[in-house]
Ligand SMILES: C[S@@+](CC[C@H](N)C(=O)[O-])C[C@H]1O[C@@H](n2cnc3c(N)ncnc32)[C@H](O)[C@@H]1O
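Before any questions on how it binds or moves, here is one chain, the form predicted alone, in structure tokens.
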Amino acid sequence: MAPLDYILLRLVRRLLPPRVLRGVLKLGVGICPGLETRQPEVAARRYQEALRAKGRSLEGLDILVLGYGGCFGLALELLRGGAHHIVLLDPYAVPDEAANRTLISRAGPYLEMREGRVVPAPRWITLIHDRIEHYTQHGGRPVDLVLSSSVLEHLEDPEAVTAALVDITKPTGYHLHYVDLRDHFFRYPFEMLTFSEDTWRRYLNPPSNLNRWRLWEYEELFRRHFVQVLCEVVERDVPAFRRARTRIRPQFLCGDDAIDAATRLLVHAWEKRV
């Protein structure tokens, strides 16, 4: 049986107006902003270390960040790390003026004040508040590297988004995606996997959407678009998985506890298929 606190929180999340939800997110009350917003320097370093492990770097690259969350801090850190140009793409983000004002004094040439607001300098940063499918269809800038963190698990249509990202990726380009496989009520990381699709969609799925995809589904997705794909399990929660396993729906299990207990995933993909 599902925990009562879980059911109550999920129902409240569905009833909260988007405006209130954004306010709660900024306050960090029960909902934690992403790493890129909280600690952009840590997020940038994490990307750099993952690339370095594969013999790659940011130097001279045009980079697309999918889901920047409203804060320009990650773009600054990537540019300082040697990137040539950053495309920040997020159809839902509203620029966080308070957070971005804290960056302006050390932003160098990358940010500007315009009409009393902090805006990216176009020479260095392109800001897109639109869907990636629309951006690619209207002549979006080809990129060498696509990055995302805790974005893919929220997509309604991962196939369409990934196909659009591949379209805008140069033939020599590379993808690096951190995926959070957990239920985002983090006390119960596998609870969402215990409900039928109908119950999840009608009553419990939060406004930010959790598609409930598992590791093998992401691997299959990227293999359809890239010759080379590596899915690394970054983190597992075996005790929590074992507590929930008897209630988890069969479609969310592959039978290998090392895979089924995964909570965080890092996808590397390169050599896109023509």
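This is a predicted model, so every value here is computed, not measured. Residue numbers here begin at 1 and follow the sequence given.
What comes next is about the form predicted in complex with this ligand, which is not displayed.
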Picking from 193, 145, 83, 151, the single residue whose non-hydrogen atoms come within 4.5 angstroms of this ligand in the predicted bound form is 151
Checked 127, 93, 163, 118 for heavy atoms within 4.5 Å of this ligand in the predicted bound form; positive is 93
Answer among 67-75, 168-176, 108-116, 197-205 for heavy atoms within 4.5 Å of this ligand in the predicted bound form: the stretch 67-75
Residue 155: heavy atom within 4.5 Å of this ligand in the predicted bound form?
yes
Quiz item: So in the predicted bound form, does residue 35 come within 4.5 Å of this ligand, heavy atom to heavy atom?
Solution: yes
- Query: At the 4.5 Å heavy atom threshold, is residue 181 in contact with this ligand in the predicted bound form?
  - Reply: no
- Might residue 89 be said to contact this ligand in the predicted bound form, defining contact as any heavy atom within 4.5 Å? yes
